[in-house]
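Subsequent text provides structure tokens for two forms of one protein chain, presented individually as structure 1 and structure 2.
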Structure 1
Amino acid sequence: MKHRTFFWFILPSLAAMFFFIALPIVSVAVQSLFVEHEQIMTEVENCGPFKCETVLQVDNEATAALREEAPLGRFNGLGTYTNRKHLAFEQVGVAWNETETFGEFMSELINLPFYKALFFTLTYTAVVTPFVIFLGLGVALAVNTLPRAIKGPTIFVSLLPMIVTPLIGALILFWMVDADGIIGATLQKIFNDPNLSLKASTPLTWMMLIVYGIWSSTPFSFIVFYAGLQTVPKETLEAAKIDGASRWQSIRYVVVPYMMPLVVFITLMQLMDNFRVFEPIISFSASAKATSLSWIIFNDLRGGDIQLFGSAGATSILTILGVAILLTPVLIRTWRDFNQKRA
């Protein structure tokens, strides 16, 4: 394709990426350098029946005028990134100097808001992503061997978690594990403990969130792998069978290598999706026991007149950097495989 033709061909995509991806990221990065204006206080004299006293009162007109004059807020530079709510350099340094063991240091670190959310986000991503890949491939292999008569209904049932809205799906599981729900009530009877609650324990809450993540994401992995299985060369599978390969050996040495591009694709998608986990935390009302980076952004923005745009912007940029770091090894491997194929 000629360079001029290629330029006009790719221009719409480049324009969309510039206006809907690049510009918002730049806008968020700029906003993260500012903090909200402090309210302007004025002294007002209040007189009662016996005496007059001077009190401080918010000057709403002056505060509104200041916000209108500088809508971005007060310039703070990288101060938002280093404060206690984010990277907390000062608090991390104090914890490092005052703790004697690495375990004590990590305990102090996890008590900081950003690191607490980062720890859950990384745990959720590290557990859910491989489970989704392995379960999706396993379900796809199983469905692919079913008779044609029941294959269609099985595929439909397998895709139900992906059809349900994430927020609704999380709420359904939340009600099921409640003390009056089918799962919660069953566990109470099994362990003969009427006070047993999956919501009362931090580890159990994390487990519920992870189970929901696997349940809701596996259908996507399954349908991609199932579509890929339809393109596996039958001649290669038949040749492996003639050579005496078992079903497991055919899957390991023929199917899995052929599906590796799809594994990379699903890994990239899952890493990005899982790192921004948000809906289950809201649905499970689990913010007291588990928070994520996306939840911190939501918490900063849900206020009325005290929306912390600078704080939310800083967390957003740190989240983008985290996703980039997670994707780097996968992208490097993809680039190497591409160069090897070209060679």
Structure 2
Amino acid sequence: MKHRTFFWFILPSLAAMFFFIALPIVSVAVQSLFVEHEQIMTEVENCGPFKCETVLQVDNEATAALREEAPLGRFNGLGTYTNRKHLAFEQVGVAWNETETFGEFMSELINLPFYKALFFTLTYTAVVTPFVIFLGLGVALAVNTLPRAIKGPTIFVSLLPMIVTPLIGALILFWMVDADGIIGATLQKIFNDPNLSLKASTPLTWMMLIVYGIWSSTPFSFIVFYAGLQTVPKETLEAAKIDGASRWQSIRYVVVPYMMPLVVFITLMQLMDNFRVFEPIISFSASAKATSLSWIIFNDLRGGDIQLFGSAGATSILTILGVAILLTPVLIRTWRDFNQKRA
């Protein structure tokens, strides 16, 4: 295809991506270097019937005018990145110097909002991903043995947790495990503890979120594995059987090796998806016990009276860097594939 034709074909799509993806990233980066204006204080003389005193008062008009004039705020350099809400260099340094063991240092670190969110995000990703892979493979192997007539309906049902809006899916689970919901109330009866609440304890909240993650992502890995199972050559399976391999052995040594590229694919998709875990935290109203990087950004933008653009920008840039690190192996691999194809 000629360069010129290519350009006209791709132009609309490229323009959309440039203006609404590339430029916002620049805008986020610029925002992260600024911080909100401080309120302008003026000395006012307050005269009562007996005496006069001067007090400091917020000058609303001047503050509003300043905000109007420079909506970005004042320049702060990398200050937002290093403050307590983000990378918190100072606090980390103090914690490092003052704690004796590594465990103590970690528990200090987890109290800082950014590291707390990062820690949850990583734990969530690390636990959900392997579960999703094993469970998905298990379901795929089991569904594959079903008679043809029930396969279709089974796949239909299996797709639901993944297709349904994350916020809604998480809410549905939340209502079931809530103190008065079916699972929550039953657990209270079993443990004979009327105050037992999954929301109140940090480990249980994390478990709930992880269970939601597994529930909503397993369908994806199931579908990919199920499609993969259809491509395993029958001859190899037959040959294994003739050689006396048991059912388990033929799964372990024939089917699983065939699935390995799919495992890599699912792992990468899961890493990307789980890294941006966000909606379940909103649905479970779990933000007191578990936060993620995406949730911090959302909270800066929607949480308080003033929108903290600088703070949200800094967290966004850090998140984008995280995604870039996660993606590097994929990019290198695709680059190699592409060069092989051209050669």
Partner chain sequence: MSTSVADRRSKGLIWFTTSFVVLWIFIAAGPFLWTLWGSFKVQPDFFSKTDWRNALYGVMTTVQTGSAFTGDGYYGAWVEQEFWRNTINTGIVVFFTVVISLTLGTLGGYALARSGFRYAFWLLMAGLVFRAMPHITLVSGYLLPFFEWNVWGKLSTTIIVLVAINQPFTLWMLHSFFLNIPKDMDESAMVDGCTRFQAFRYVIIPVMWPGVITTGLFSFLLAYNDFAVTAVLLSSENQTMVPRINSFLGTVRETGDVMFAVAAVVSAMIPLFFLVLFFQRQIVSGLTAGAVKG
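Everything quoted here is computed from the prediction, not taken from an experiment. In this text, rigid core is short for the largest set of C-alphas that superpose within 1.5 Å between two forms. Residue numbering: structure 1 sequence, from 1.
S.K.: Pick one: is 1 or 2 the form predicted together with the partner chain?
M.R.: The chain shown as structure 2 is the form predicted together with the partner chain.
S.K.: My question is whether residue 76 is one of the residues whose C-alpha shifts by 2 Å or more between structures 1 and 2, given a fit on the rigid core.
M.R.: It does shift by 2 Å or more.
S.K.: Rigid core superposed, residue 323 Cα shift between structures 1 and 2 in Å?
M.R.: Displacement of the alpha carbon, after core fit: 3.1 Å.
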